[in-house]
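Next comes just one chain, in structure tokens: the form predicted on its own.
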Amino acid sequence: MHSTLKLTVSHAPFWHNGSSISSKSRNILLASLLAVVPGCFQYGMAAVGVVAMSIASAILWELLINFISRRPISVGDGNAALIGMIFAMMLPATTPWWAVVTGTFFAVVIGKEIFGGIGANPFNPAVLAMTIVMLSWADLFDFNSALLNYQFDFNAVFPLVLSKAFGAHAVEPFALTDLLFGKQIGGIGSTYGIGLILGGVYLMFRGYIRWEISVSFLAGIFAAALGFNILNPELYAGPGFHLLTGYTLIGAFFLATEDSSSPVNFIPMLIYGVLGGALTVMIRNIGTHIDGVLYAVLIINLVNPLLDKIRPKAIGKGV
């Protein structure tokens, strides 16, 4: 027997604030271009091809599932295109087409549609897909080895060599301004820090993402990295390096903030963000993976339902 839940709502008529899924998708896509366009200039037409393939295949996968499941066509809301874009932002420009198509399958079909479609997914679809693809074909995501397979402009791009410790001995001394302006090897849309920050600020001001999650995520990374650096400054990199390398900025503004897999209450959002940031640094410094952002986001996605139950007690309500 199905259990029922009684909801208390206000009486009609209701007001609509004018927001829509398609509008939100368009604005996040627009914000992502601030990082993707410089990435395409940096890596050339190969990057353009990866982005185009990712967006197109994500839309086709959702369209196919709509037909198979006999659901209304939903690609018009732009969510599939957005998933394809965010997935492409994390990919190297040398990613083969079959890996892109496989990744968007995992993102749209396994990460989203299998749970019932938009709003029902417990994990960020792009993060889930990226994690599966990286674990399956790790060699494709060795960004440094891409130098052997692709001709880069060495005046604009510097190889960023990372080790398990993500620490001071693992990297050459990079100026933070160079890292901020994308002078490092990485995903197509995840290295140009200025673009990611501007896009994130735009989305926060427009209310499309919650500032509490982004700011607390970055604060968690800063605090954890500072703690490790104080304990052993010769082994562990400082907060600036952790904030501007890897998937940190895309994680703060585009991954951890995904609606279906993140909290909606104030205190849970702060805990969610700080926990994700701290886990990122811990995985980088003492884990077995170079960049911990994806794994940290999946973990906080997993505990999100528990965190969202934390809320202040209403004034005047008894124990």
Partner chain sequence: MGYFELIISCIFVNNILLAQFLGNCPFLGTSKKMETAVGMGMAVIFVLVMAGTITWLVYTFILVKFGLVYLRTIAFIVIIASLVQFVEMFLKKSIPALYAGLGIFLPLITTNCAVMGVCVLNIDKEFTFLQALVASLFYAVGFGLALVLFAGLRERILLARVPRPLQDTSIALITAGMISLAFFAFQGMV
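Residue numbers count along the first chain shown, from 1. Every value quoted in this text rests on a predicted model; they were computed, and no experiment measured them.
Keep in mind that the form predicted together with its partner chain is missing from the display, and what follows is about it.
Visitor: Thinking of its partner chain in the predicted complex, which stretch from 241 to 249, 84 to 92, 107 to 115, 186 to 194 has heavy atoms inside 4.5 Å of it?
Guide: The contacting stretch here is 107 to 115.
Visitor: Which one of Ile230, Leu176, Ala120, Val201 is close to its partner chain in the predicted complex, taking close to mean a heavy atom within 4.5 Å?
Guide: It is Ala120.
Visitor: Work out which of Leu226, Ala219, Ile132, Leu180 lies within 4.5 Å of its partner chain in the predicted complex, going by heavy atoms.
Guide: It is Ile132.
Visitor: Give a yes or no for Leu279: in the predicted complex, does one of its heavy atoms lie within 4.5 Å of a heavy atom belonging to its partner chain?
Guide: So Leu279 counts as contacting its partner chain.
Visitor: Taking its partner chain as it sits in the predicted complex, is Ala52 in contact with it (heavy atom to heavy atom, 4.5 Å or less)?
Guide: Output for Ala52 is no: heavy atoms all beyond 4.5 Å of its partner chain.
Visitor: Hey, in the predicted complex, is Leu306 touching its partner chain, heavy atoms inside 4.5 Å?
Guide: Yes, contact at 4.5 Å.
Visitor: Considering only heavy atoms, tell me if Ser260 and its partner chain come within 4.5 Å of each other in the predicted complex.
Guide: Judged by the heavy-atom cut-off of 4.5 Å, Ser260 is in contact with its partner chain in the predicted complex.
Visitor: Would you mind checking 277 to 301 for residues with a heavy atom within 4.5 Å of its partner chain in the predicted complex?
Guide: Those in contact are Leu279, Met282, Ile283, Ile286, Gly287, Thr288, His289, Tyr295, Leu298, Ile299, Asn301.
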